[in-house]
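This document starts with one chain, in the form predicted alone, laid out as structure tokens.
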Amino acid sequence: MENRIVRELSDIANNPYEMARRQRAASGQKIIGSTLADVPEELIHAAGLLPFTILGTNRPIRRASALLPDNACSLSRSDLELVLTYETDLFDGFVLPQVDDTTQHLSDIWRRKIPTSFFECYLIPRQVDRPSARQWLLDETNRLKASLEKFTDRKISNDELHKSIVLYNDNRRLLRKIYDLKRQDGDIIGNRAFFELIKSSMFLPEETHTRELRHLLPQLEKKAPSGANKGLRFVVAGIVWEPPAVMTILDELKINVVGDDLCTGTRHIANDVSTDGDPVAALVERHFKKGPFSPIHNRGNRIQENLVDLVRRYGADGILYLHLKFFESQDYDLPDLKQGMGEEGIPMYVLDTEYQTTHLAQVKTRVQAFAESIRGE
């Protein structure tokens, strides 16, 4: 029987907007939308606001195509479309990180086309090994803090920020524990259900989400590994798992995702923020502890090294790489990744996806063929 908490969080993951409106109506809490990746949610939370990650839409693109070219990645186009057309009244402000050329242009368009009382760009250093990178991000984070304080007309004290950090650390730890259970046996919680737990944490108030996870974890721990799920074990790589049906397809094929480097996966829950010292500096330090992300890393082969480590550490049989079409930094990475995985003897299949993907039967056929090639069928 499907777990109630899993079902309710999955519902929120797939349609979070009405939940957010109810939350705002009940509490008066303003909603700050942010696009991927690496905006410090703890800072927004400590300001008394609800951080809400904007993850695009699968509904038709109607207006964004007039503002962004067709060869802009579908994540950026659908983020813009969501706010321009479908959720025009949901957000009270925005924080947009700039991680590549497309997001830089997107933030300029967003500022001009979407009227709002609060808008900030968050300029993340792309080359994190530069000596100036930490100081740059510390200055940026303090600037964002000051802007949030001006918007809310209240100071964010170190105590308030510390409490938010503790809360978000607890949430991440619970999700990591559930991931460990999943690695033991994919029957404990399925791929889509687990990754929707992570996704729902990007929308719900963190207090509510953490409370639900605290109830859920002991229920899942009682489900001892059955040993019945002897399917393949995959690492999933990329930016986002899109379309969501990709995870459903993996569930149907009895493929257990045991590792990932997704922004809607491990990147969101890995590494806690230190509770010692200056909390803003601690938020900055967490950023530098994160694994590599296509536009943000310190050397060209670090993504490959990270994926090889995930495969070896968790005994994965192969890598499913979700290539978001026209995502420029992924396009740069792929040739070297393909060559590197070939040299390591690790099977990797590149699945081209976009937010308006409709040919799911083709997706399933391709993933199934990749799985069968690994099994030697």
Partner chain sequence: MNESTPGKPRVKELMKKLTQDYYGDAARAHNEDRFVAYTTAVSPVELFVAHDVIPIYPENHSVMCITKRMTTRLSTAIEKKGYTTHLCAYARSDLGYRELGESPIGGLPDPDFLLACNAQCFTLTKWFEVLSRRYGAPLFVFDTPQYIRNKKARRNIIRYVEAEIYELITALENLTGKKFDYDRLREVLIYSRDACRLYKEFLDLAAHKPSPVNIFDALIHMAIIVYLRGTPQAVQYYQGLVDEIRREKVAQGIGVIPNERFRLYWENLPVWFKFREHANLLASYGAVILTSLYVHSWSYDFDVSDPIRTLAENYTSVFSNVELEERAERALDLFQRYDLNGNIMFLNRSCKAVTFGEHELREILTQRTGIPVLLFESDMGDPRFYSEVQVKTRLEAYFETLERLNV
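What you see is a predicted model, and the numbers here were worked out from it, not measured in a lab. Positions refer to the first chain, counted from 1.
The form predicted together with its partner chain exists for this protein as well; it is not shown, and the discussion that follows is about that form.
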> Can you pick the one in 139, 276, 149, 221 that has a heavy atom within 4.5 Å of its partner chain in the model of the complex?
Replying inline: 139
> Since exactly one of 305, 159, 108, 180 fits, which has a heavy atom within 4.5 Å of its partner chain in the model of the complex?
Replying inline: 108
>> Is it the case that residue 93, even though its partner is missing from this view, gets within 4.5 Å of its partner chain in the model of the complex, heavy atoms only?
In response: no
> Should residue 112 be counted as a contact of its partner chain in the model of the complex, where contact means heavy atoms within 4.5 Å?
Replying inline: yes
> Going by a heavy atom distance of 4.5 Å, is residue 243 a contact of its partner chain in the model of the complex?
Replying inline: no
> Would residue 97 count as touching its partner chain in the model of the complex under a 4.5 Å heavy atom rule?
Replying inline: no
> Looking at 28-36, 62-70, 306-314, 340-348, which lies within 4.5 angstroms of its partner chain in the model of the complex, counting heavy atoms?
Replying inline: 62-70
> For the stretch 328-347, which residues lie within 4.5 Å of its partner chain in the model of the complex by non-hydrogen atom distance?
Replying inline: 328, 329, 331, 332, 333, 335, 336
